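Shown next as structure tokens: one chain only, the form predicted alone.
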């Protein structure tokens, strides 16, 4: 039904369109991922200024007509995150965070948890660019899996429930597995297991430190869970 929609949103992607417009990929708390067009956004006297860029947290009024794209009629900046744009690692982490959300959450199904996770990640990278790094990116992706209902089983064997001798990880089983159930698993060291557990329990700003080997194994566990259960692949963390 045609009408206006007021919402907060994070700009995932901004694409030049036509002679002066922009097409936006947005993530909103109560409408999930939506597409919108901002007419005249690239013209010199546009009322939108430069605020329709990736990573902006906005307060929007969108007009919903019969087409697939909503129309941006008003945009107010909540947070522009200027500092993360001045740091190469933070900028790259922000891009990977938005890409991860875009790939896993493609529909307009509401998921406020995802919106708040992304908003918090961008705010963290803006406030403390030094947090940008592989451990933080993997912690963010783990929390996205939780928000998608794909949290890996980490406290007991995902196949038989055994709590001891957990030596591998199986994406197909959906978590850690014991020695008796490791046929389809890859080896998971104790410190990689510990990283996964702690990253889930800690705030994004406090992602646990880990060795390169542990982070590689943790990333593989996250990636295989995603591929087996959501049929999605994320860009490698950096």
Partner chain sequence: MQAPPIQRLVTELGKLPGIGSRTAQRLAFHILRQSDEEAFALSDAIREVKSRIGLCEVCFNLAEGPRCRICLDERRDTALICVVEEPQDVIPIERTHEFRGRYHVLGGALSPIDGVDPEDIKLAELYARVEEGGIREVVLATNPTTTGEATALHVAEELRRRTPDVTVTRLASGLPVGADLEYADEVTLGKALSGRRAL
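None of the values given here were measured: they were computed from a predicted structure. Numbering follows the first chain given and starts at 1.
The following text describes the form predicted in complex with its partner chain, which does not appear among the structures shown.
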Checklist entry - Looking at its partner chain in the model of the complex, is some heavy atom of each of 171, 189 and 216 within 4.5 Å of it? => result no
Checklist outcome for this item: Answer key: of 163, 88, 127, 116, within 4.5 Å of its partner chain in the model of the complex (heavy atoms) is 88
Checklist entry - Here the chain is shown alone; which of 193, 39, 51, 31 has a heavy atom within 4.5 Å of its partner chain in the model of the complex? => result 51
Checklist entry - Heavy atoms within 4.5 Å of its partner chain in the model of the complex: which of the stretches 97-105, 117-125, 130-138, 145-153 has them? => result 97-105
Item to check | Partner proximity in the model of the complex: residue 77 to its partner chain, non-hydrogen atom cutoff 4.5 Å | outcome: yes
Checklist entry - Within a 4.5 Å heavy atom cut-off, is residue 47 in contact with its partner chain in the model of the complex? => result yes
Item to check | residue 55: touches its partner chain in the model of the complex, heavy atom cutoff 4.5 angstroms | outcome: yes
Checklist entry - Does its partner chain come within 4.5 Å of any heavy atom of residue 13 in the model of the complex? => result yes
